[in-house]
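Starting off, we have a lone chain in the form predicted on its own, written out as structure tokens.
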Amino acid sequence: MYQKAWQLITRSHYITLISHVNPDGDALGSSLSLYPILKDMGKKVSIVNVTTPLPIRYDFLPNYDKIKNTLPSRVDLLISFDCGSYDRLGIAPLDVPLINIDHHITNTRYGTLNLIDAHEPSASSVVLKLLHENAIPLRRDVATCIYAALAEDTGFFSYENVTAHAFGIAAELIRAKADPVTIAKNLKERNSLAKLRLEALTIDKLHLIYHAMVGYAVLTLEDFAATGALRSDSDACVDIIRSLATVELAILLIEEHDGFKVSLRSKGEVDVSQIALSLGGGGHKRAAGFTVKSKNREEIIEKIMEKAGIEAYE
């Protein structure tokens, strides 16, 4: 499959690399990692993410400034990264071949070719596998993007997807001149005051239920306006809830104009990927999410609790 994907890439001329709306480090790092390789092959390459503005903390990644928010006029191959379903790309269907690169077990396999490996710690490590399988040399700018994506999607090597394999990938990328110290400083030590205010507000709005084993918070449009925070500044808020000692299931509702984006985290027996999948989303066993076209926050929490097997809460 990896060789078939590369053959399709080789035959194509106008290639668009695209990642999911409200991208994280894995989405952007994965898509950026292929850009210089394809350019060197003489391809016409576009990098697209429809989200505006993009998270500024990734601006140190090579070719970040090449990302556009609209599709080019000509596309003969689409390659998606870290995206579980086509609708999360935020674009209308295109009648062109699509290579779907991901590591989420809940991926809907919407591609012409689906490079999906749930055993890989990040979508970027699937990209690395694609390069390995086709004997493509690893260069520094590519290694930087893949490492940044890997580091973020493993919680800087603290989540359950961290294995000897993940550390082996990291070691290979460092040998290829990815700089882990510089990457960590850029991703972890450039927080805006607005982001910190939003995280503090998350703690202020935290509700504990079911004997403090479930924690949830709701961030409204007014909260973002009041703090000056961007949508991407909320990425760590659900993990703050999970970090509380008693919490086994963390829920964060982020208000959108037509509903809520819901992020789920767990550290016990709850498989949040199955909860998210049943509600139209997806993800991993310990980290997942979904969107809902409803403003009834109480009903959303009740549905999550029901799916988690918790029939009532205080």
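Since we're looking at a predicted model, the values are computed, not measured. Counting begins at 1, following the sequence as shown.
Unshown form predicted together with a small molecule; subsequent notes refer to it.
The listed set Lys205, Arg242, Arg139, Arg88 contains one residue whose heavy atoms approach the small molecule in the predicted complex to within 4.5 Å, identified as Arg88. Just one of Ala287, Ile275, Ile47, Leu61 comes within 4.5 Å of the small molecule in the predicted complex, counting any heavy atom, and that one is Ala287. The small molecule in the predicted complex is not approached by Arg57, whose heavy atoms all lie more than 4.5 angstroms from it. A residue is said to contact a partner when one of its heavy atoms sits within 4.5 Å of a partner heavy atom; His104 meets this definition for the small molecule in the predicted complex. Interface residue remark: Lys43 is not counted as part of the site for the small molecule in the predicted complex, having no heavy atom within 4.5 Å. In the predicted complex, the small molecule lies within 4.5 Å of some heavy atom of Ser263. Figure note: of the listed segments 242-250, 33-41, 61-69, 263-271, the one touching the small molecule in the predicted complex, with heavy atoms no more than 4.5 Å away, is 263-271.
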